[in-house]
Ligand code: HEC
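To begin, one chain is listed below as structure tokens, in the form predicted alone.
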Amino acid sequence: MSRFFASLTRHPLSLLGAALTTASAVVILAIFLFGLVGFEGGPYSGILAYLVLPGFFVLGLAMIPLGLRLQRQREAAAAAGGAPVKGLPVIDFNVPRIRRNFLTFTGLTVANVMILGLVGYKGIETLDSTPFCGQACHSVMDPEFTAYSRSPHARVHCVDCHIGPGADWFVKSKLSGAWQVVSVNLNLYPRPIPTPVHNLRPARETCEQCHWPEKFVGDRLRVRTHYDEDEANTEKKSVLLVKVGGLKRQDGVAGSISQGIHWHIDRNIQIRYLSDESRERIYEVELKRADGSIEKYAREKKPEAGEKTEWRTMDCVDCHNRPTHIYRLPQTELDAAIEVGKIDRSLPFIKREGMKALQVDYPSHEAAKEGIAEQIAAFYAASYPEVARSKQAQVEAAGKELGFIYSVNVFPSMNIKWGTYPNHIGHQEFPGCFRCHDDELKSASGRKIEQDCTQCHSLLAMEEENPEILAQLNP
């Protein structure tokens, strides 16, 4: 061993590599140990320890065998010629020229290290930025970036959910991204992008950085506004008291368990299910309680021959499957636009005609905006000429807003149409809750997962023009 270490010092390159590797390792280890005892050096210490120094550590390791090889070649050449082996150069700091050269070399090295560190840091920052994720591959990610920009998480960075904290998932994401770059450049990507994403990081490691089951306590009042497709665009309201959750003590059971909707992901229980790859057809459900007991539910209809299935542990995204990339249906978008006044409700049959215009297939967003505006204008010109004259601005605004609604939900170039991506929250627009709660999943004892609406919400008013409950709440 001593001979090996002595050999490291016989060639300048291996000597420099050994020094570089050793110094890098010592500093990395020191910063890591300081972190274990609570020392916080700020972001730059992490950048130095885990982005810059590892590069120099690897560079030093590569220099060591190269220097050893060069030294052996030098020794062999000297032996063949009968000449003495040259030693290391003598550096005499008493010589002004050597001092100047050494200081110049040292200064340039420090500057290069700082430049490489800054470039490495900014490079990682760019790769993790929202514009890079959403706009670098515009043709593929335009639908997802558009939906993200209108979502409740529009100010949350993409990497916070898709990667989360830690180096292991960072590396996995970059390896996955390498293939995505290839598929985009070679036009190999599917249209539309299939969902769900099966290699997505577990929600407990990402979503629960901000949300967690115990955070949701009690009931929440929800008022939903809908407009009929009659001439007056009659306004109807539904009022629900949604049982989002909370903690409930049960005698004889260790700890507390949740009640309400978020019971499904209480930490004291575990729910697993067997489904097809889309997670829309659920064939079996397994419930493991806090005491270790397991209850299984299955439906009579089994997977078809050759159908791919998977067992999955239930978490947030099994219901909140579109928390950010939300594609809404035309009736939902149209109701919201009328409610906030972007589309004038006083225009006769605007709900009905808007629905008709939105459900026409167009080859592009530009064609959709032009075609929808023309269709709305033509209807009022033919059926309500007085309205077309007196409310020309409102008719044009309605056509423009309908074109916008189409352009943020339908993407012809990616084969994304109305309803391409189902949203599993609730059960009005897609099966959602009814994937399990349909009275068909039964246990061996005869129990079933019931389709009982009162388990999740109390219906206080349903499609009423002037709900009495709202008058009581807002006297």
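Because the structure is a prediction, the values reported are computed rather than measured. In this text, residue numbers run from 1 along the sequence as written.
If you look for the form predicted together with heme C (HEC), you will not find it shown, but the lines that follow are about it.
*Asks:* With the partner removed from view, which of 58-66, 403-411, 22-30, 421-429 is the stretch that lies within 4.5 Å of heme C (HEC) in the predicted complex, judged by heavy atom distances?
*Replies:* Within 4.5 Å of the partner lies stretch 421-429.
*Asks:* Identify which of His162, Arg281, Lys369, Arg352 has a heavy atom within 4.5 Å of heme C (HEC) in the predicted complex; exactly one of them does.
*Replies:* If I apply the 4.5 Å criterion carefully, the residue I get is His162.
*Asks:* Which one of Ser238, Gln375, Ser173, Asn233 is close to heme C (HEC) in the predicted complex, taking close to mean a heavy atom within 4.5 Å?
*Replies:* Only one listed residue qualifies here, and that residue is Ser238.
*Asks:* Looking in the predicted complex, is heme C (HEC) within 4.5 angstroms of a heavy atom from every one of Lys342, Ala388 and Ala397?
*Replies:* No, none of the three is in contact.
*Asks:* Might Cys456 be said to contact heme C (HEC) in the predicted complex, defining contact as any heavy atom within 4.5 Å?
*Replies:* Although heme C (HEC) is absent here, Cys456 would touch it in the predicted complex, with heavy atoms inside 4.5 Å.
*Asks:* Would you classify Tyr148 as touching heme C (HEC) in the predicted complex, given a 4.5 Å non-hydrogen atom cut-off?
*Replies:* Tyr148 belongs to the contact set for heme C (HEC).
*Asks:* So in the predicted complex, does Glu333 come within 4.5 Å of heme C (HEC), heavy atom to heavy atom?
*Replies:* Result no; Glu333 lies far from heme C (HEC) in the predicted complex.
*Asks:* State yes or no: in the predicted complex, is some non-hydrogen atom of Phe434 no more than 4.5 angstroms from a non-hydrogen atom of heme C (HEC)?
*Replies:* Judged by the heavy-atom cut-off of 4.5 Å, Phe434 is in contact with heme C (HEC) in the predicted complex.
*Asks:* Which residues within 188-206 place at least one heavy atom within 4.5 Å of heme C (HEC) in the predicted complex?
*Replies:* Contacts from 188-206: Ile193, Pro194, Thr195, Pro196, Val197, Leu200, Thr206.
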